[in-house]
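Quick heads-up: it's one chain on its own, the form predicted on its own, in structure tokens.
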């Protein structure tokens, strides 16, 4: 049985063949921007339009699956709520941060986000809404349980998980994404990304780490 878009992304994920299609969409977005069509995707991915419609429903469904496929590359390692310590919490946050920086600095994500911004400022708001819901908001839903686990373990202190997530997101992103979207030729090496991820994590822990012991204010 063929998967629907939601089943594909929320269940076992896309098949290898479906990943090829989604990667073809990303390449076409880099090359053609908003001029993407189902015909062009079928041609680039060497499959029929009928197959695309069965898998993704329509162009919006295809774009939704593509955004989810990009967001899925940002991993949120599971944490053991019972035995969570500061080292494992920091490692989970660093992995999320480094993955996210790698994704947003890729040519495909830059192209996708540029098209989404254009949509958001026009009558065609579909892709902008998709990127917001399946990208930023979905990542928040995935990481906030980790932050809440840190709070339950007495490692983090915050009043609201959403506010804490936004703080961490800002520390990770800084001005990187806006510079890339505006055409800055910012090239981040793997070492720089890992360093930025570690730095953002330490800054977040300095802000929200639980204060214990006699020296606590």
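Positions refer to the first chain, counted from 1. For clarity, a rigid core is taken as the largest C-alpha set superposing within 1.5 Å between two forms. Keep in mind that what you see is a predicted model, and the values were worked out from it rather than measured.
There is another form of the same protein, the form predicted in complex with a further copy of the same chain; it is not shown, and what comes next is about it.
Contact with a further copy of the same chain in the model of the complex, judged by any heavy atom within 4.5 Å, is made by just one of 157, 152, 190, 32: 32. Heavy atoms of residue 178 reach within 4.5 Å of a further copy of the same chain in the model of the complex, making it an interface residue. At a distance threshold of 4.5 angstroms between non-hydrogen atoms, residue 171 is in contact with a further copy of the same chain in the model of the complex. Among residues of the shown chain, residue 113 is one whose heavy atoms approach a further copy of the same chain to within 4.5 Å in the model of the complex.
When contacts are judged by a 4.5 Å heavy atom cut-off, residue 203 counts as touching a further copy of the same chain in the model of the complex.
With the partner left out here, a further copy of the same chain still marks one of 50 to 58, 66 to 74, 37 to 45, 179 to 187 in the model of the complex; by a 4.5 Å heavy atom cut-off that stretch is 179 to 187. Within 4.5 angstroms of a further copy of the same chain in the model of the complex, the stretch 14 to 28 places no non-hydrogen atom at all. The Cα position of residue 60 differs by 2 Å or more between the shown form and the other one after fitting on the rigid core.
One change in the model of the complex concerns residue 60 and residue 144, whose Cα atoms lie at least 3 Å farther apart than in this form.
Shown here is a form in which the CA atoms of residue 165 and residue 67 lie at least 3 Å closer together than they do in the model of the complex.
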